[in-house]
Every structure is written in structure tokens, then in C-alpha cells.
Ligand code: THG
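First comes one chain, alone, set out as C-alpha cells in the form predicted alone.
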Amino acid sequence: MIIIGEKINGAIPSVAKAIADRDEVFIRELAERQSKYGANYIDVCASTSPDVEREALKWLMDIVQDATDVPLCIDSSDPNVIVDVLPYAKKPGLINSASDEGGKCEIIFPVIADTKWNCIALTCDNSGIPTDPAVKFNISKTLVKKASDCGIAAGRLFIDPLVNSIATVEQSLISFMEATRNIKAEFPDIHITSGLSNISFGMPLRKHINQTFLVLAMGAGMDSAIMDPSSLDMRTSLYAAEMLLGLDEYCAEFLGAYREGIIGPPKN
């Protein structure tokens, strides 16, 4: 499982305050904690007003890169902001994100074509976020074609089939899983990712819903997640799912993580 650490995001009130106060210690601790618990990428998202987003995002990038060697996942809804801050990354990581909406992939793909950057690509277009798995699949094919036209191999893409909130779309997980299976069957080298918390908006017991989504989506072929790697419960679900899906030879990773206290009940 490729873990994209989600905790440095200005949409989180405590992080928004840290950005506004330029609290370097707070951001550094979030980066170090996510790195400690196995993040493969650390997402940095300013979520500020457009007039200060570039400066805030660069500030976050500088702190995270000073705190850890884990590659960045540069996150903005504005592809031009991503392009502008890309030169401040010390090494290639992950772009979050491109899509077939508003020409975003036409801005991102040519810029990263001749680099080692990978890219999250969302299955949405100018019609919005689809609920039909067939539409998600067709958009993914369009994204793969546009990436290929720029010389970007499918293995550099992390397709996000965009799970809807279960509170508003009761077949949300079913649609996500069907789209995932179809995408992986057509493009086996592609990664499938998702922000786990999206499915539980508007619901109680969100942590439990998110954990269950992680396990079921992994069973459908999802091999990446935007999540909190420092969550003991989430880590335990992830290791258990990998083991049960036959992705952990001789249960070695699960047992090793248990012995080291990375998973399992909190130790007194």
C-alpha cells in the first residue's frame, strides 16, 4: 500500500491556524510523525485564499523537506499554483491533482512529462463528479490517453475514482469498487488511490467507516490511500487487509509490525 500522509492540510482547523501563525514547529512535528509511521508521500495543501496560496504552499514545502526525506505530494485545486511551486521541490514526488475538468490535465501533464513526477488524476470532467462507475471508467481512459500523448506512462498515474459521501450516494462504495476493478483490468500498471475520509462526510463514527472503506477498497484493487498513517487503528486495518489479501508472504509484515508495536492494541 502506498500511503499519502494527509495531515498537513489547511482545511484542518489546527493546520490552518499553524499556517496563519507560521508555526513551523507544529508543521514539522506533523511531517516527522507521518514519516515515522510509514508515509510514502507527505501531502502539503495550504487551502488558503488564492492571493497567498503560493507563498503558504512554498512555506509548507520548505518545512517538510527540512524535516524529512519523504517525497512531497503537492496539493492544490489550482494547477497553475502547482506548476509555480514545483521548482521548490528538492526531488520528484506526487502531484495532487489533475483531471479532465477545466483543462487541468492539459496544464499539468506537459510540465511533468519529461520528469519523474507522478500524478493523481481524478475521474471528473466538466460535468462534475460522476456516480456511475462506467462514466468513472471512461474518464480514466481519457486521462490515460492524454497522459500517454505527453509521454507519461500509466504507471506514473494514481487514478482516484472519487468516492462520494455515503450519506448522499448510498451506492458510493459499490460504484467506487466497480470502477476500480475495471480500471485495474484495463490498465494493470495504474495505481488506484482515494481520500479515505471522503466517504464518511455527514456520518457518525467516521473513523470506523473510513477503516471499513479502506479494507473493502483494497479488496477491489486500491493500492494507495490518502490517510493518516499515525492512526494506530488505521495502520492495523491496513496491515491486516494486506495479509488477508495474500499480499504479505508468510504474514511477515503483519507479525513484524505487531512485535514492533506499529499495529495492535496500545501498549501500556
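All residue numbers refer to positions in the sequence shown, first residue = 1. Here the structure is a predicted model, which is why all the values come from computation and not from measurement.
Keep in mind that the form predicted together with this ligand is missing from the display, and what follows is about it.
In the predicted complex, at least one heavy atom of N96 sits within 4.5 Å of a heavy atom of this ligand. Using a 4.5 angstroms limit between non-hydrogen atoms, L122 touches this ligand in the predicted complex. Mapping the unseen interface onto this chain, D228 counts among the residues with a heavy atom inside 4.5 Å of this ligand in the predicted complex. Residue contact with this ligand in the predicted complex: G195 places a heavy atom within 4.5 Å of it.
Only one segment in the set 195 to 203, 235 to 243, 61 to 69, 216 to 224 has any non-hydrogen atom within 4.5 angstroms of this ligand in the predicted complex, and it is 195 to 203.
Although this ligand is omitted here, in the predicted complex none of D100, C105 and N182 has a heavy atom within 4.5 Å of it.
Using a 4.5 Å cut-off on any heavy atom, the residues of 1 to 19 that reach this ligand in the predicted complex are, in sequence order, E6, K7, N9, I12.
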